[in-house]
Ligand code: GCB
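Next up: just one chain, as structure tokens, the form predicted on its own.
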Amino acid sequence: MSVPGSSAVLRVLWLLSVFGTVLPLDGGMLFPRESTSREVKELNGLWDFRPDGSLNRNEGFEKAWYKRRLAETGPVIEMPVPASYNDITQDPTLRDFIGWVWYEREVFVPARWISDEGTRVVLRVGSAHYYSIVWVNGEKVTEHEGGHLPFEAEISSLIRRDPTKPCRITIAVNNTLTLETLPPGTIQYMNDRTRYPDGFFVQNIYFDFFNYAGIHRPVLLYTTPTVYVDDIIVETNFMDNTGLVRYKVSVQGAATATLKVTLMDKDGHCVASSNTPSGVLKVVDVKLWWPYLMHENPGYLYSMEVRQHACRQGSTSTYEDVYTLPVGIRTVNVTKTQFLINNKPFYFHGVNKHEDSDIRGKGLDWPLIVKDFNLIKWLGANSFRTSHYPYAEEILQMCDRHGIVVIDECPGVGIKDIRSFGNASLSHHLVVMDELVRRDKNHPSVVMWSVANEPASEMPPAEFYFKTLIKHTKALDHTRPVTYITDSNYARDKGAPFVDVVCVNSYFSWYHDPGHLEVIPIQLNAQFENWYGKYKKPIIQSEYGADALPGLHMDPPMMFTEEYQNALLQSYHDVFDQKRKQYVIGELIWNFADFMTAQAIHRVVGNKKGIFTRQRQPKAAAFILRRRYWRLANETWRLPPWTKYPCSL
């Protein structure tokens, strides 16, 4: 992790010597849920905030801002959490700020949490971009490298030292990207003082979305007993009408514990139980987890209640912990030509998305999440890909409940420089996949892992890099296929031999041969034939599309008009209809909605490839896609009346 400035490397070494290196966590990462033994206190709201505007971005460490209230060390402003900080103020320097920013909030911890020594208190940050250091009452409790994924620390002993004082939480966040981060980037210093002011630098990025920063997901305090359920691993299968749930429960804080595992249906009836920390639960007359539009009861979830009793070592006190995990019973398999869910062919007709909206940037926003799910189901889409990073776990929980299938992608976007294929980058990438799989392993909606998007996979180091990365991911989770997103250059791709599904992005008649729609049938057909001919693996068209400015019309169609976007999509769809009868197993439009990017001469206030505007209003292409997706669902699964199929389409 680097800090902007001429002596960035020295500062990195200093930070590592002071705070220690970042290592992957040993324990689990269960989503915080309230129960009879657990409580959750949200710390969302307004925090004190200050960017470190010093030339070296290091004043906060040099003057130890974390040792006292942030307001006592200089001016602060109010900043909402969760939210990106970039679009909150009218200050253009904050919108494009690179370096350390500081957040702080004082909270009162419930007295019973402090007085009960049998209670663990954990501080959890849902995600922050990209490097974070956390202090409680001036003492460092954790640090984390990378955005998009949660991190946490137990703070019980710290808050009990002086229970009369509020708990002061300080979080420093740095959004600097280097060639060894995910995503990668570089800092470029402009030293010509006839053209640039003193200390001027820019963050170069290799991805096409805005580099939003800040604390993007909820900050929580939650409790567990000191002997607690640390992790649960679930794998599911079925034979005939019997569901099989293989599970493993990990308990921390005691050498031995008594467990009661109960699997309940939606009505709360027990369908299977066990008293062992691992085993297989058999469910008679199982209700499988099915994707949206594939079954009359999609997204069916059982509840696995884990109830643990134990004595802490050296204590006579008994501790009970209760944790309930939603469980969807389903299988995923891949053949040379098909993607199978519950042994039936599944065709991805869905979207690519971004966590992106006005004002809050990438901050978690429930009204937006619910609106997006309503639009996805209105479209007749059954799937999406978390382009180009892991989305909030709250979104995956919605997918579980609604039956929306997910390709879960890590932040490996923009790996373009050969130096980003080195050992340090690979080591970090492996840790990120550890964290991603640990967080999302139990979500039935997640059917495939994506380890990167459009890397420079033709470079010689890519073969070892992706072979290692994909092998590691399969070792973490053998129940799901692994892919990465490539482009149409099949001949020089070094990583494709190791994936289970080929995911291809192509923008014929847009970035290539712009304006010439007539080339799409030829080039898209050749793309599919080349990829399948070489690798004999099923193919998903993981991106395709064209920018369209809402309300811009022209006939004959021209680029950036809604007519051109429609015509381009239709040309792709004609080829999809030929190939989906053979080995093409999906199509994901780029993009669900317009989104913000860095300022550039080829972007007019963001990327306009959405079929919805950034404010979630439909362009003409949304209706093209809606007619297609409902038709695909009807042709593939012969939808009965329960689907509310829009016959008027």
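Everything quoted here is computed from the prediction, not taken from an experiment. Numbers for residues come from their place in the sequence shown, where the first is 1.
In what follows, reference is made to the form predicted in complex with the named molecule, a form of this protein that is not presented.
Taking 505, 86, 357, 119 one by one, only a single residue has any non-hydrogen atom within 4.5 Å of the named molecule in the predicted bound form, and it is 505. Residue-level contacts in the predicted bound form: of 614, 38, 609, 619, one residue has a heavy atom within 4.5 Å of the named molecule, and it is 609. Using a 4.5 Å cut-off to the named molecule in the predicted bound form, each of 388, 590 and 603 places a heavy atom inside that distance. In the predicted bound form, the named molecule sits within 4.5 Å of a heavy atom belonging to residue 453. Among residues of the shown chain, residue 49 is not one whose heavy atoms approach the named molecule to within 4.5 Å in the predicted bound form. Proximity of residue 145 to the named molecule in the predicted bound form falls outside the 4.5 Å heavy atom cutoff. Heavy atoms of residue 366 never reach within 4.5 Å of the named molecule in the predicted bound form, leaving it off the interface. Listed stretches are 590-598, 58-66, 29-37, 619-627; the contact stretch with the named molecule in the predicted bound form is 590-598, by a heavy atom cutoff of 4.5 Å. In the predicted bound form, just one residue of 535-549 lies within 4.5 Å of the named molecule by at least one heavy atom: 543.
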